[in-house]
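Presented below, as structure tokens, is a lone chain in the form predicted on its own.
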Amino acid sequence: MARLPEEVSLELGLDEPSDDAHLRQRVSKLLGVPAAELPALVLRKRSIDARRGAVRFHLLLELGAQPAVDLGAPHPREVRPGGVVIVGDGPAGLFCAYELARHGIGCTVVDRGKLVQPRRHDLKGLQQGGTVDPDSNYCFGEGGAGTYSDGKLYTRAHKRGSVRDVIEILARHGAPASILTDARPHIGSNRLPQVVSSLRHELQNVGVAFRFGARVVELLLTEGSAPRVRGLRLQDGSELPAQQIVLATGHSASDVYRMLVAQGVRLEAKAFALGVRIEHPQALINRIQYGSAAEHPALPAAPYRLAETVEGRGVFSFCMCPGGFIVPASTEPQGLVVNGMSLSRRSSHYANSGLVVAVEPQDVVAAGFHGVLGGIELQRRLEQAAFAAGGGMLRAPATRATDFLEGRASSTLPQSSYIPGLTATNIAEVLDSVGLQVAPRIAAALRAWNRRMRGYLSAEAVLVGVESRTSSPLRVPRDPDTLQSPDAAGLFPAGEGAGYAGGIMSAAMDGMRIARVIAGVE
């Protein structure tokens, strides 16, 4: 028999069966080999292809493989006492602790927020009462910002570590098995909290310590010309000794940036993005993406991804949530930030996406915000302007897309998933209040995108502001080999907050990489 390929790609119609017998018949015909002589077929990737006017499923099958039985191996093992403290229990911090435990190294994970389940009560206060707890919200608490804002797992950062390793760890702790094969894997904000809890329980069982409600206010450094970390001080005045500190605080911990500046740890400005959330009826996006097949029961809520360059700056969709909700992601009173999330079934009647413009460090300076913390202050000013325009109680300023292009305020608004409610206004005035050319670039991009996705620009579409926390405007420099700060030996900046990741997957892989450096295996 001729040598068989390791992998085979198949396209299936929407009504075509996908059981093993049918797939074997398709592969048999494709390869010219009797179905009975084919080895086992294992699905490795499943995606939807809606190009060329025909919607179909694309499958990547591996021949002769064995389905994974023990996902996420090697497991964490009993740890010996260690001098590692991880600040932040988001994906970078949690997966750093997991990888350390695989090498038998103990650590203490501290987080300013609450356990993942009690966070729900504070999110309810945000949604229904407009009450912001600065330490427990959509950004802060066990699991980090991604826990209650969707749980998307796709990334382009494959060179930073093993994507499959992270996916398998999540699957072993309760994430749906579909994340192992979907081209755009997603857990959902209703299931991710249980996954995070399961990860913590496993780590606690092998000796990893966790402390919540523990905000860090100071690094403890040795004196001299070459300081190194010796511990940290918490808000309650207690001190925690450490030989290595992994700083994985997330992109919204502005107080941490101020602490670092005060202690002589250098920061550097970097590009980030800001703009709005745009929301459509999901049925409209389905019709645009799937055409006449839009209502087929086999198809999920349709996503999209768009990008345009306008006057030298990128304008792009960000964190698109099919079948999702817009939520208030504020971390400070008197400031309004919106984000998107969806549940595992993605069954909401709405589709929303960030619609943001790239902001370079020189743009921040040109807008009148100076110093390394200028980007942080710009974010705060924009969020305060959005809060004021919404009228308080975390109501969000919003404008119909058609009114936005005409440069006018809306007098009425469509129904929205945003629970605190929308206030009809001119969102362009909010965006332009900080001296950036954000609104004109968004308008130009909308016109271009409507040519590609006919119907995208519609009176049913509403722009909701503001989306200002896409990433950190700062980076904490680190040595490319040791991954430590050049200003404090033993300090390991990690993840999104340090400027080295852009989502759950890349943050988790960055944390794991730091763990391997600490363990001396990388």
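One-based numbering along the sequence shown. Note that this is a predicted model, so its numbers are computed, not measured.
One more form of this protein, predicted in complex with a small molecule, exists but is not displayed; see below.
Trainee: Identify which of Gln244, Asn339, Gln379, Asn286 has a heavy atom within 4.5 Å of the small molecule in the model of the complex; exactly one of them does.
Mentor: The residue from Gln244, Asn339, Gln379, Asn286 that makes the contact is Asn339.
Trainee: Could you tell me which one of Pro76, Gly390, Gly146, Gly324 places a heavy atom within 4.5 Å of the small molecule in the model of the complex?
Mentor: In short, Gly146.
Trainee: Which one of these stretches, 214 to 222, 426 to 434, 288 to 296, 163 to 171, sits within 4.5 Å of the small molecule in the model of the complex when only heavy atoms are counted?
Mentor: Only one stretch passes the 4.5 Å heavy-atom test: 214 to 222.
Trainee: Though only this chain appears here, would Gly90 touch the small molecule in the model of the complex if you measure heavy atom gaps against 4.5 Å?
Mentor: Taking the distances in the model of the complex, the answer for Gly90 is yes, it comes within 4.5 Å of the small molecule.
Trainee: Is there a non-hydrogen atom of Asp150 within 4.5 angstroms of a non-hydrogen atom of the small molecule in the model of the complex?
Mentor: Within the cut-off, so yes.
Trainee: State yes or no: in the model of the complex, is some non-hydrogen atom of Pro473 no more than 4.5 angstroms from a non-hydrogen atom of the small molecule?
Mentor: No - in the model of the complex, heavy atoms of Pro473 and the small molecule never come within 4.5 Å of each other.
Trainee: Looking in the model of the complex, any heavy atom of Pro397 within 4.5 Å of the small molecule?
Mentor: No, Pro397 is distant from the partner.
Trainee: Is the small molecule in the model of the complex near all of Val276, Asp403 and Val462, within 4.5 Å of a heavy atom of each?
Mentor: So, no: the whole triplet misses the small molecule.
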